[in-house]
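For reference, the chain that follows is the form predicted alone, supplied as structure tokens.
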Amino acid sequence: MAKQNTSTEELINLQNISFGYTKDKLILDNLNFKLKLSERIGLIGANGTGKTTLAFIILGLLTPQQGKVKLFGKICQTEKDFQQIRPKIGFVFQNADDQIIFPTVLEDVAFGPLNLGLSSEQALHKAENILKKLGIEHLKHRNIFNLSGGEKKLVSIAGVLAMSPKVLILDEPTIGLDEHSRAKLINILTKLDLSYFIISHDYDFLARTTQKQYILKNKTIFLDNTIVLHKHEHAHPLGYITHDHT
């Protein structure tokens, strides 16, 4: 588990945010949220409560009816404001197929650095380093269409990290992952020297990867201090054989 954050530097500060896809039906109402430097925060909530909507507001892809979005100390209101900030925020989509666009892994991961102005040689070098850091360098020449769901998820994360963001936002990163890929993702995230914000239904995953978990409920967000790590008993075939769970 990451060390507790002691910094007061705010990377994301949402102030009194209200939003609805129609004017008469808000899904977020007077919501406040902060992410500080070195913090690792999880967000839990039922389907339709606005978790992904909240992420899109942070990215400037949706505009709130009320409230302020303050990123890295700057209030962002216009598309130009968000364009200047977006390279600092890495967003990992729920579905990796929405994020991966090139035929091979190395080409896809190198695209972001190329788009930021690096030379082809620099971008490929950076992509290879990121793939190695994540332990998936053996995939670099693989065709995207031949990857498993877990491999695609890790490649999509590699593509975001290759752009050197200051903050990482992951939307339901464990959906479709098998236990091996899930364990690998936990290992990767806990070793990152990066602030991040994870939206997930996977309570155990959040307990392993974040310092504190918020709940989005009744159109607002709050910290539930009653959430604790706990042990439980379970049964399954061959349970009498000594084994470990990861």
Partner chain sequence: MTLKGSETNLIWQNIDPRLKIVWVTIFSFYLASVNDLKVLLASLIFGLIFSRLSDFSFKEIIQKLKPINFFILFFWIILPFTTPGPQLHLKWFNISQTGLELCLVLTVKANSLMLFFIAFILSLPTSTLAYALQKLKVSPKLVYLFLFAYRYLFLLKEEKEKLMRSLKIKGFTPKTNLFTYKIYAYLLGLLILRAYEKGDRAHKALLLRGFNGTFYSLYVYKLTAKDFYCSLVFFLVLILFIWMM
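Numbering follows the first chain given and starts at 1. Predicted model, so just to flag it, every value in this text is computed and none were measured.
What comes next is about the form predicted in complex with its partner chain, which does not appear here.
Participant: Only one of 170 to 178, 70 to 78, 84 to 92, 129 to 137 has heavy atoms within 4.5 Å of its partner chain in the predicted complex; I'd like to know which.
Facilitator: In short, 84 to 92.
Participant: Exactly one of A183, A46, L61, L194 has a non-hydrogen atom within 4.5 Å of its partner chain in the predicted complex; which residue is it?
Facilitator: Contact with its partner chain in the predicted complex is made by L61 alone.
Participant: Counting only non-hydrogen atoms and a 4.5 angstroms cut-off, does P103 reach its partner chain in the predicted complex?
Facilitator: Contact check for P103: yes, within 4.5 Å of its partner chain in the predicted complex.
Participant: Would you check, heavy atoms only and a 4.5 Å threshold, whether D108 touches its partner chain in the predicted complex?
Facilitator: The answer is yes: D108 has a heavy atom within 4.5 Å of its partner chain.
Participant: Does its partner chain get within 4.5 angstroms of any non-hydrogen atom of N115 in the predicted complex?
Facilitator: Yes.
Participant: Is Y203 close to its partner chain in the predicted complex, meaning a heavy atom pair under 4.5 Å apart or at it?
Facilitator: Y203: no contact with its partner chain in the predicted complex.
Participant: Which of the residues spanning 149 to 188 lie within 4.5 Å of its partner chain in the predicted complex, based on heavy atoms?
Facilitator: Contacts from 149 to 188: G159, M163.
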